[in-house]
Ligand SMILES: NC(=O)c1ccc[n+]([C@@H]2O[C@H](COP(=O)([O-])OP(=O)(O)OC[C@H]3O[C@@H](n4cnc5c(N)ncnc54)[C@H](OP(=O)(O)O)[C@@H]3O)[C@@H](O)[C@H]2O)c1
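There is one chain below, alone, in structure tokens, taken in the form predicted alone.
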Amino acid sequence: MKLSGNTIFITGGTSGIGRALAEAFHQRGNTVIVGGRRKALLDEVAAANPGIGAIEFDVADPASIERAAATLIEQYPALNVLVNNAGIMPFDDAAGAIDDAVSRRILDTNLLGPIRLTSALIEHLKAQPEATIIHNTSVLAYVPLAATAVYSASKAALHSYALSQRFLLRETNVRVQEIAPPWVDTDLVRKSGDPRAMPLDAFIAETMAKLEGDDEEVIVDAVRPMRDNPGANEHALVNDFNAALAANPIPV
């Protein structure tokens, strides 16, 4: 995608990867609007980055999505890039009882939220000369983390959805790209400076450079081996990955 001259809406844009992407796009001369549930954080981002717009909405609430989409189309008619970034990552225990309410919130936020928001904006995006949809999934879409089984499944489902959507939009002016971050040192889990986590600034720099190309999947080099999950032999990779993390758990 081109990295300047766009009008971009980024969900979950008040912290972590979402905020960093918003600021990186803003610095490159794009009109950027961030979306999120907490008005105080939206105001903070807008104040720190004059020119960035903000829309208060809940990506897990279908009615809120419809209102936000209507506001975007009315106030930002040149909107041509949607970044489905918002996500939550509660830990769970697939070997025990799973909290149904938490699971529903994960799926509403991480999977149905992007589907609903994209659906609400797709005809508007099709009407633009050039448009891009970016889904932020995770390397855990390919190699699940057992301690976040529902989160990992939600990201695998969003990856599958992006594949289908990309195919169906192949003859339109709308491109579909996917970001699949590794463990990045943000508050999604707990910002800790853990050396196994990729620094946020390094992740953003490499991701922005790769977004400028035509790759359908924008994956930092460090996690390429995990993306190339070896098919029918994936169980050994998944088991080894989870055993290593079980021996040295992620701080929560």
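Computed from a predicted structure; not experimentally measured. Just count from 1 along the sequence shown to find any residue number.
What follows is about the form predicted together with this ligand, which we do not show.
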Using heavy atoms only and a 4.5 Å cut-off, determine which of Q165, T109, Q177, S152 is in contact with this ligand in the predicted complex. T109
Considering non-hydrogen atoms and a 4.5 Å limit, which listed residue (E206, D58, E44, E212) is close to this ligand in the predicted complex? D58
Counting only non-hydrogen atoms, which stretch in 123-131, 167-175, 87-95, 68-76 is within 4.5 Å of this ligand in the predicted complex? 87-95
I'd like to check something about T186: if you look in the predicted complex, is any of its heavy atoms closer than or equal to 4.5 Å to a heavy atom of this ligand? yes
Is there a non-hydrogen atom of R38 within 4.5 angstroms of a non-hydrogen atom of this ligand in the predicted complex? yes
Closest heavy atom of S138 to this ligand in the predicted complex, within 4.5 Å or not? yes
Do N229 and this ligand share at least one heavy atom pair within 4.5 Å in the predicted complex? no
Any residue of 3-19 that, in the predicted complex, places a heavy atom within 4.5 Å of this ligand: G12, G13, T14, S15, G16, I17, G18
